[in-house]
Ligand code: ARG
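Presented below, as structure tokens, is a lone chain in the form predicted on its own.
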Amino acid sequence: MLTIKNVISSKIAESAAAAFPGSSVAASDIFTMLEYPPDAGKGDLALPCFKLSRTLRRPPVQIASALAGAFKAGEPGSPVASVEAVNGYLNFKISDDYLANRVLPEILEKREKYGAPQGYEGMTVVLDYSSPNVAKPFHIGHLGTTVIGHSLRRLFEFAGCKCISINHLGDWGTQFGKMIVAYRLWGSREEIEKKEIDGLVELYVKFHEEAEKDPGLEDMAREEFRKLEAGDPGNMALWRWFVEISLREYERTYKQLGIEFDSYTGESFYYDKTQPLIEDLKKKGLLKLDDGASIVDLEPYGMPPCLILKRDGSTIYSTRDIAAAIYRKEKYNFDRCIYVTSAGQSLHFRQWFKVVELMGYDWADRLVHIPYGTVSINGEKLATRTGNVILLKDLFALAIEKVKAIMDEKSPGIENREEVAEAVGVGAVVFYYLSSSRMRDINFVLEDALSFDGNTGPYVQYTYARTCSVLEKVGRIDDCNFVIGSPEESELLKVLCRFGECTEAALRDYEPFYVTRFILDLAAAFNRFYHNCRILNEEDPAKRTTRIRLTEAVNVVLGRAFGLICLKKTSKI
């Protein structure tokens, strides 16, 4: 309803100027005040006049009454069917005919471009997300950064931005010293090639078990990583092998999710770029020694110091992140560089963002951290070193098998059985995760995630398939003036109108959850319409055409919304 909100806002601003001489009420201010009433019986839009009372120096009830008379509600061509002043609120009913003959043609003409956020065209956005640690499994804890990050990429692309997605692999650090020690003590090439990443995980878990008994193993690991940073040929060969094995595993999962990256430049890529950074920090007087380590003091900004070099002279995450940001600005000249990681890393990003600012880079305010809540399994924290994880490949396999069982029972002859089962099974897991606000902590309960009842991925994918089924049976139709004759049609039309507001809010707040909730609202509205209104067998030509076009509009918008949250479309379930 963005267009209608703009029309109403402009009209109210004009009316306020006429009714209250000398007042200065802007249409943009009115636009932000308009809201959707919790009770649809009170109207489709409402303007609370309480804020205006401070500007206009009148009681809200008086303001609402004065403004209500300015609208010629119910006239042909007017977007407002009726307006009523009630207890300081101005309540609007929107004309169904206006919506049907303005909005439906817009959806059917723009199709995949309908609802695109405005004001972002031409921006360059770098997004850093997923970024698993090499030699560790891709588990449910990685799902958040991966699907939130990719959803944001698709939203920015929908808005007309140039996007560069970077998988900043955790392919450097002390953990590789641990893996090298573990492999040389307990591993074999034949066993690792056979088990692939599972074999690497077993070694990682064993290292921590043994290190509890023999703390000297930690010193060995630090030494092996120091040698790796120094370019030791044997350690470098092992490291490259660990990365190769890990990437093969990750690519399988990304393929299931339909995700591709523009770059896999991980932490190791920036290692040789850290020395110039360190020299620059020294030159600018920002680097200080603290008990043998090199830091940037952030106490004046209410934060602990940002560690740049450890006592042994090796780099750390912050060093490489700063070097990466400088490289990305030089290479891509981004308008925004977005990092999608858990909320537990918020301090880390605040620290090194501040260091970038102190170094004098005027683009430091274009660095954005998008945090999200934690994931636990039945209330227990995920931990690779203890083996308390649910691997995504195992979770997806369970979901796909469950879908196949349901399909064999209800649709035994379905075409492309494997493809459909994967789309619905993987979609069930993704939709479950994105059904909550990104900042909400999620206790991952497998039974709930794979449920096919209620507000779930399979439910909305089935709704999309239902629209496809209707449209497949449509013969020739002649367009005419659209006629809205039932509450179900009216409700469906008004939900469709909100798609643009949904995508704009999702980008404004970096919140794919808004799209997920919109999908559920649209699916519910369509299913009520489908069950209560005849479509293909409607005898009245105008009503039949309107209902077919409504179905087509839902098909277009629902399919577009699916793509924004990494949900695959399937025309058969």
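Residue indices: 1-based, along the sequence shown. What you see is a predicted model, and the numbers here were worked out from it, not measured in a lab.
Keep in mind that the form predicted in complex with the named molecule is not shown, yet the notes after this line are about it.
Screening 205-213, 129-137, 250-258, 433-441 for residues having heavy atoms within 4.5 Å of the named molecule in the predicted bound form returns a single hit, 129-137.
Put simply, residue 341 is close to the named molecule in the predicted bound form: some heavy atom of it is within 4.5 Å. Interface residue remark: residue 168 is counted as part of the site for the named molecule in the predicted bound form, having a heavy atom within 4.5 Å.
In the predicted bound form, the named molecule lies farther than 4.5 Å from every heavy atom of residue 494. In the predicted bound form, residue 321 approaches the named molecule with a heavy atom inside 4.5 Å. The candidate spot formed by 174, 178 and 269 lies out of contact with the named molecule in the predicted bound form, as no residue has a heavy atom within 4.5 Å of it.
Of the residues given (317, 452, 361, 114), 317 alone sits with a heavy atom within 4.5 Å of the named molecule in the predicted bound form.
With the partner omitted from this view, the residue of 264, 459, 349, 120 that lies near the named molecule in the predicted bound form is 349 [heavy atom within 4.5 Å].
Contacts with the named molecule in the predicted bound form, taken as any heavy atom within 4.5 Å, map within 135-149 to 142 alone.
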